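Take a look at this single chain, the form predicted alone, given in structure tokens.
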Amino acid sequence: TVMAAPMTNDQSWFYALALGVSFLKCLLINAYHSTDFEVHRNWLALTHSLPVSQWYYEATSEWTLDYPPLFAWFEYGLSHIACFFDKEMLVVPNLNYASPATVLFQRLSVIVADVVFFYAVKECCKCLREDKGKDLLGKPSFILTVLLLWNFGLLIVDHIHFQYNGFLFGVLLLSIARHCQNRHFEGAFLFSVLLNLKHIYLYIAPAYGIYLLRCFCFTQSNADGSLQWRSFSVVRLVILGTIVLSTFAVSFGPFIALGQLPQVLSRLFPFKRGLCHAYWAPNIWALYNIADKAFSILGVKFRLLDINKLPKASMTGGLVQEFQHSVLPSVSPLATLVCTLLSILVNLPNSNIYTIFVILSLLQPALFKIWHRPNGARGFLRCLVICALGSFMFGWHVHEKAIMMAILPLSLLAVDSRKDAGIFLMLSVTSHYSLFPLLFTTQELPIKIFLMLLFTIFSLASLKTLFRKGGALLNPLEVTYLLGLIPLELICEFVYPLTVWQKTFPFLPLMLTSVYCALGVTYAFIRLYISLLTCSDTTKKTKMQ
């Protein structure tokens, strides 16, 4: 494919948006922060104070180092700046240390690291084809910039809750941009680096692997778009392999030399945390859990089950732990892993529980589609989003924050296609609302409501303007569902705390939020898959090259 026309020469609006959101982030410095704040403070301390050989063994804090080595080195680098703010934060036994200087440093480190994200967004905008003469508010590059830089989820997860997702998503988006610009070696290198910064991105690795093999290692296609086998380039495959292996060698090499690879891997892939997080992510397992609960209640009511023989309802206790389902088969880590991986690679003929979810996930056609009819950057992006969303739907101990891995890349498709814009609105509004329980303090309530309304209104208005021809982006049923989030918020936030059930069933509002949002996320996933299976190789409005 050919690189699209760059953005207009007057880019002052981009810098204004970047500075504006940076100023907003600075205003949030003293806001509530979660235990993730202590997680990263502890990692600063242990990488600064201990030799490399002890990094993945240190267990003074319960928040042990469980990110790949490159992120550990990132923390190590930050720690050498942190010592100028407050050296006490770098003392390992100083658990839950949060002096004003420590808070200031860690907040600023996230804000400054977002420079990578800003640059990546700018590069992604260069991959959009602009229509001349359009007003600024109608330009895809402007809309995309706001959807990414001012993304509600990133703002509350990184700059209130506390994490470094902006920096990581910057690496991902820059990798995507490089592939859109036919700079595939750079794109592969950046994604390899990303995998060694945070291993959750392994879920989208199949999209990268198939796309690079099909569209880069095979240099030509037949006239009908099918693969020309004789065009395979061994040289390109070897170079790609060398880039990936070299990156992993640099990252894991020291720990392999120390004989610590098994220990590192045991930290990266723990399976003792239970199927669901304390707050259920809005995925298929939330619906599975509530179905199991409903069946158990009905079974006891109609005397089909003995209440004394049922497992305790620990899954509704709001704790991070393993639990057994009461009626439906309990799901193991291996089941979710096999379900996610095999649903990407192959369809199973068996009619057991795993196959049901494999059929539902429908990831295999995504990879088949990108192999059989790649459809350039759009096809790669769509496959990437489906892999991300599929892993969110079926993964083990999925955090609600993981939905961002699907929302941000989908933003690029949303400014390119009417159908994708509608799917984006459904997924982003539902998923962003599902993040509300992360901020449970009273003082953050107006902040999260205001920021979400601001982002949602802009998303609806801008995408409606961009695709003004062709009718509404959402049908009446979808609008009704999204409006249902309003009474749900009123009940969970204002009504339920006043009832007598608050003390007896404190987890109920979280469960209602998770289950309601799971319906919307599942619907968006199905719509996205239908669009994949029904779209033609070319579309009328192609802005992305």
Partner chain sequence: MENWSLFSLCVLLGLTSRWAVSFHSYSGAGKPPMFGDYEAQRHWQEVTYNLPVHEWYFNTTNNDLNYWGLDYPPLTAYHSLVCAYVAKLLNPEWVELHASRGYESHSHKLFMRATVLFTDILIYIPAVLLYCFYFCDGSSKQKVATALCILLYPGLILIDYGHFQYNSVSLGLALWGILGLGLGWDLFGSLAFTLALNYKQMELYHSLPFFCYLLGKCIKQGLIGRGFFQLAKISLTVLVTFALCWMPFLSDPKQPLQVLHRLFPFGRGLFEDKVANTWCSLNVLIKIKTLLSRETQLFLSFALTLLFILPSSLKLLSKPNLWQFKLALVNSSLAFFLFSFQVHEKSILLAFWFSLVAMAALSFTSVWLEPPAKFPDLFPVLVSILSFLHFLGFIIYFNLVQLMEPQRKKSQKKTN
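Note that the structure is a prediction, hence the values are computed from the model and not measured. Residue numbers count along the first chain shown, from 1.
Another form, the form predicted together with the partner chain, is not on view; read the next lines as being about it.
For the chain shown alone, T465 is a contact residue for the partner chain in the predicted complex, at least one non-hydrogen atom being within 4.5 angstroms.
Contact annotation: L195 falls outside 4.5 Å of the partner chain in the predicted complex, judged by heavy atom distances. For the chain shown alone, F232 is not a contact residue for the partner chain in the predicted complex, no non-hydrogen atom being within 4.5 angstroms. When the partner chain is considered in the predicted complex, D292 lies well away from it, no heavy atom lying within 4.5 Å.
Checked against the partner chain in the predicted complex, the residues A31, L488, V39, L508 give one hit for a heavy atom within 4.5 Å, which is A31. Proximity to the partner chain in the predicted complex, defined as a heavy atom within 4.5 Å, holds among L149, I210, I243, I447 only for I447. With the partner chain left out of view, the stretch that reaches within 4.5 Å of it through heavy atoms in the predicted complex is, among 377-385, 170-178, 447-455, 256-264, 447-455.
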